[in-house]
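Okay, here we've got a single chain as structure tokens, the form predicted alone, with questions on binding and movement later.
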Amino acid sequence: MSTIGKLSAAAGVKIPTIRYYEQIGLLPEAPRSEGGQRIYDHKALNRLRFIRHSRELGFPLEAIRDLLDLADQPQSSCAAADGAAKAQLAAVKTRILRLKALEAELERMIADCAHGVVADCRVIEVLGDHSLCGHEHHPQTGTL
């Protein structure tokens, strides 16, 4: 049994994050001591480590919720877990492609800059007019 501070240190997760995970139901609310302190067991530590590692791999909270539900049913098929991992992999690959396009655009902007005065700066010009970009990188559109 440990306090929230010890759980935080052991899992590498900040205390407000632990409270947030409890609030949204990813981590069960901990029982309290007679003094009102939250008391956590090893199961809570393992669950928190699972959540932290899932977040490090980029899984969204709802996917983590589903994966935790699956983890609580060790005899069920792992097809849903495989599906969640495949979906996350696809999302990562999409982000990588987008980042590569951003990298190429930034390299092009820098290479095209005459390194003179701001009035003639290609970086400033391209940032001010998305149509001058050489690559599509999901521009934010909308009106003010």
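Throughout, we count residues from 1 along the sequence that is shown. Quantities reported herein were computed from a predicted structural model and do not represent experimental measurements.
Omitted here: the form predicted in complex with the DNA. The next part is about that form.
K.L.:
On the criterion of a non-hydrogen atom at 4.5 angstroms or closer, are 86, 95 and 98 all touching the DNA in the model of the complex?
P.N.:
Answer is no for this spot.
K.L.:
Should residue 123 be counted as a contact of the DNA in the model of the complex, where contact means heavy atoms within 4.5 Å?
P.N.:
Flag for residue 123 set to no.
K.L.:
Wondering, does residue 55 line up within 4.5 Å of the DNA in the model of the complex on heavy atoms?
P.N.:
Residue 55 belongs to the contact set for the DNA.
K.L.:
Applying a 4.5 Å heavy atom distance criterion, does residue 38 contact the DNA in the model of the complex?
P.N.:
Although the DNA is absent here, residue 38 would touch it in the model of the complex, with heavy atoms inside 4.5 Å.
K.L.:
With the partner left out here, check for me: in the model of the complex, does some heavy atom of residue 15 sit within 4.5 Å of the DNA?
P.N.:
Judged by the heavy-atom cut-off of 4.5 Å, residue 15 is in contact with the DNA in the model of the complex.
K.L.:
Hey, of 41 to 49, 60 to 68, 76 to 84, 104 to 112, which bit sits against the DNA in the model of the complex at 4.5 Å between non-hydrogen atoms?
P.N.:
Contact-bearing stretch, as computed: 60 to 68.
K.L.:
Can you name the residues of 68 to 104 that have a non-hydrogen atom within 4.5 angstroms of the DNA in the model of the complex?
P.N.:
Counting only heavy atoms within 4.5 Å of the DNA in the model of the complex, no residue of 68 to 104 makes contact.
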